[in-house]
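This document opens with one chain alone, in structure tokens, the form predicted on its own.
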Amino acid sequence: MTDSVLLDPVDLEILRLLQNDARTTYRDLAAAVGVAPSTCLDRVARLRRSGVILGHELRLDAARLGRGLQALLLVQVRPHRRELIDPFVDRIRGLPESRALFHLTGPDDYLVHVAVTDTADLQRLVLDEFTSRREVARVETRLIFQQWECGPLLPPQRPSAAVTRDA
């Protein structure tokens, strides 16, 4: 398990703001959190170096790219051995339809988020890229009706230490 990084309230606010809009300028970000732009730049650089900020993403509308149907595929791999799962993971990650791949506990081994053109394309994908593989024992498909983005990811709230003042 990776050690967590200690973050102060300014760091947390920087992370919250950047997750809402990663294109925010350092000047605007500094003004929003109440520090000098150079301080803000240093803090963001430290957050990158420490591995808290991994990068920036561009979100695309799958439907506008001709992939209007999204689904979650629950995949069972048998036998569940590294010599089979490593090539499986590499293949699935390389498919243009794959949006995300999760290794799971429980009866299903993988959850694959895919974006395809229509149900015929989904059927082709499942048959040609999943069930045709020897190690794939079962695939269950769940269509995605709607998806929502959630709030920014921040560390869990820790109880505040009581502050005492000398009288």
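Numbering starts at 1 and runs along the sequence shown. Treat the numbers as computed from the prediction; the structure is a model and nothing was measured.
The same protein has a further form, the form predicted in complex with another copy of the chain, not shown here; the description that follows concerns it.
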* Would L111 show up as a contact with another copy of the chain in the model of the complex if we use heavy atoms at 4.5 Å? -> yes
* May I ask you to check whether G34 falls inside a 4.5 Å heavy atom distance of another copy of the chain in the model of the complex? => no
* Using heavy atoms and a 4.5 Å limit, would one call L84 a contact residue for another copy of the chain in the model of the complex? -> no
* Indicate whether another copy of the chain has at least one heavy atom within 4.5 Å of a heavy atom of R93 in the model of the complex. => yes
* Asked: Which residue, V126, C40, V136, A62, has a heavy atom that falls within 4.5 Å of another copy of the chain in the model of the complex?
  -> A62
* Counting only heavy atoms, which residues in 83-101 are within 4.5 Å of another copy of the chain in the model of the complex? -> V89, R93, S98, R99, A100, L101
